[in-house]
Structure formats: structure tokens, C-alpha cells
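So this first bit is one chain, no partners, the form predicted alone, shown in C-alpha cells.
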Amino acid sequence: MKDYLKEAEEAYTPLLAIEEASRCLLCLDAPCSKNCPAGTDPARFIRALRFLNEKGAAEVIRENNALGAICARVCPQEKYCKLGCSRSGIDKPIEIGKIQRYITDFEANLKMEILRKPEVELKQKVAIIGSGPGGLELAALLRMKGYQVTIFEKDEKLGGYLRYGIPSYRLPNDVLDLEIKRILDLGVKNLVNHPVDDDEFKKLKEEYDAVVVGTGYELAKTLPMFEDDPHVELATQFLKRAKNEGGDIDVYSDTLVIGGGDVAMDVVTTLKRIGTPRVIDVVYEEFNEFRASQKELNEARALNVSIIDGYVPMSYDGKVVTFKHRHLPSVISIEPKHIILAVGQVVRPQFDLDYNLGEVVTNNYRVGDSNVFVVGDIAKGDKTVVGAVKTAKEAAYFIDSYLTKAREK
């Protein structure tokens, strides 16, 4: 339990953070910033820190990303900013996420208030359904422009998957709570324990000038052979249970996890941190096509998770799971005490929206010629936290344009 609540990575000291920033080559074309989907602009905040301007660095991050402290911890930087880092050609890329975390921790310790309430209050109202990263970022952006913003959340607390899916050792609740507090302090209203059904959705479209759907991928996939089995748990259910109970949950002597994405890695590392002696992860992909981030995979290996790659589940008799290798004439059977499925998540179709491959069909995030917009996983783009922030920033531009034209009529 203690391992579950403790952040996996130690924070930089001021000296280490400045030393790491000093490795930056100060590239004129700033490839790291170009590779950041959220537009947090690491080149600028690293430059500011390198010249000992921590406050300026914090302002760069927060003005570009209302969820800067969250993205510092959960973004797969090796796929984005670190991939573009020119320092890679010399030794290794700058640890951009660790620097960003140091700066946002500095901001929190000094209780800086960078996000500003709007100077002008507008009468137009925006409803946002869902409080995941897309909904939260959008709420901050639209509120700072002066719109009256209300978030509708079905759970008892705001945060969506940030709160109920990402383990505490990666994203502590106190960090998430502070990020949300900053947004609410702007004057964003919120209604929790408030699921929106089709009838209320129709009313919202009439009562609000714009309605934004940011409900994400709510349903975890399963496999037919495991349906209705009491020994089998879905990854999202397990992670929510662990997060709600602070990792203080029942531990089995062994657990079999099926799946190889970032959610699966969160599951296996959570299992080890709460004290599960034996964790076996069987993955469809081989290691050369692994979907999980390298950082998450490395942590799972460091915790001695047994990872078996390239196998597909073929049968399950209520006790024994049999797998067959995708390419080799090899079959393995495992009889675990507990099984967790981490084989992906899908959208829950709602509100009569038109979907294509799990994404709502839109034009510039707008549904047809209506006053409905979408953000987050159900919008086109990467299904990551920084991808959701990107959709929110782009959608904010189009929503503001739409509402501005409506005011000028």
C-alpha cells in the first residue's frame, strides 16, 4: 500500500533540475516544442530555467497548459518531446518531463496564481459533459475568455480517468486536486454525481449556447470466453478500485493480466505495488510491436513482472487459460487465482451522435451545424492525456469563433 501511494519517480532537486536544463542545446527550431501535442513549449520553459528564472518557466507551462503538472507525470514523453530532442544525437534526450514536474512543483510550493479570471464577463453559457483532461482544459480556456462554464460529471469527484484510472504512484490525488482547484477558482461551475441522459442532453442544447461532449472511452473491452466469470475483472474496474481505496485492497497469491498497452502496465505495476507476489502478463503483441510506453514497460520489468509476448488466448474452462503463440508452434496454459483483462476500451455511443471507428464525426470539433462540440478521446487524435489537451485547445478556438459570431448577429 505504501508503495502504491508513493510517487514512483523521485523529484529533481533544484540543482539537478538546473543541471539537466543546462544540457539543452537551445535549438532555434525547437523540435521538442514542435513535437508537444499539448503545445506546452518545453523549449521556452527549459530556457527560462537554464537562466534561473523558475517563475518565468512556470508561467510558460501554465499559460500553455492548464494541466501542466499532470502532463509532466503521465505524458509518454519518449513518443513526443523527447523524441524530437536534438540532444539525442550527442548522448541522450533532455528529461523534459522531470524538468516540467520540478517547475510545476515549484509553482505549487510558492502558491503562484498564474491562471487569471476573465476581465470581461460574457453572458453566453457553455456546458461540458465529462471532466477528464479534455473537459478540464477546455473549461479553463473558455472561462478565461469570459464564458459561463458548467461541468457535468457522473462520478462523485471531478477528474474522469485522471482520478479513477491512473494509479496514485503516477498521479497523486493531491496533484490532481490542486490542478482542478485552479480551474474551479476561475469561476467554473460543476455538478458532480450528475450523469446526463438523452432527455437532459436535449434540454442542455436549448439552455446553453454551446454543449461539449467529453465523455471519453467509458467501456472496457472483454473477451467472450471470460464473460460473467467471478474470477475475471476488467482493468478499468480494478484500477478504479485501487485508486478509491488507496491501494488497500485484497491481494491474491498470483494474478494473470491479459493485455499489453499502458493500461495493462498500470495494472501490473499496481498489482506489484500492493503486494501481489506473482504477476504474469500475457500480451498479444511481440516486444518489437509493443503498444505500451517504454517507461511503463521498464517499470514493470523492474518490479519483476513476468511478461510473455506474442500469445493469444484460445480457451478458458473456468480455471485454466490456454494461449497459443501467434507465429510459433507453441501453447501455454496458466491456472491463476485472479484474472484481469486489459484489452482496450471502447466508446459508449450516446446522444444520437454519429461515430466512425470510435470517434464522433465532426467538422472542426463541431457536430454538423448544431451547437454541439466534442473533445477528448471521442474526438479525432491521440488517445492520451496530452492528446486530450490538444483537442481542447483546438476546440476552444472553434467554440470561441462560433460564439463570437453568435454575439455579433
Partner chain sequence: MIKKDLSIEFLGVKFKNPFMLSSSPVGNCYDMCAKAFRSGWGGIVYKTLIKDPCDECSPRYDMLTKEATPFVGFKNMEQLTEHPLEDDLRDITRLKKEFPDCVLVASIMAGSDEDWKILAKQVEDAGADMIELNFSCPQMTDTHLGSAIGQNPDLCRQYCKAVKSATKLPVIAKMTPNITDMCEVALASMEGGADAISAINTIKSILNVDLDKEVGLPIVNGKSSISGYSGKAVKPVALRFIQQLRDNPKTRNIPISGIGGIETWRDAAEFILLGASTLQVTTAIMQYGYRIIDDLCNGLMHYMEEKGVDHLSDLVGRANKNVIPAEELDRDFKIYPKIDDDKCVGCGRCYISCYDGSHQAMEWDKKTRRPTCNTDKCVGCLLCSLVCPVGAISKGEVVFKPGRGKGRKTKDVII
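Computed from a prediction, not measured in an experiment: that's the story for all the values here. Residue numbers count along the first chain shown, from 1.
FYI, the form predicted in complex with the partner chain isn't displayed, but the following is about it.
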Q. Where, among 381 to 389, 21 to 29, 5 to 13, 394 to 402, do residues come within 4.5 Å of the partner chain in the model of the complex by heavy atom distance?
A. 21 to 29
Q) Taking the partner chain in the model of the complex as the reference, which of 62, 44, 50, 366 has a non-hydrogen atom within 4.5 Å? A) 50
Q | Partner-contacting position among 322, 86, 306, 150 - heavy atom within 4.5 Å of the partner chain in the model of the complex | A | 86
Q) Would residue 90 sit within 4.5 Å of the partner chain in the model of the complex, counting heavy atoms only? A) yes
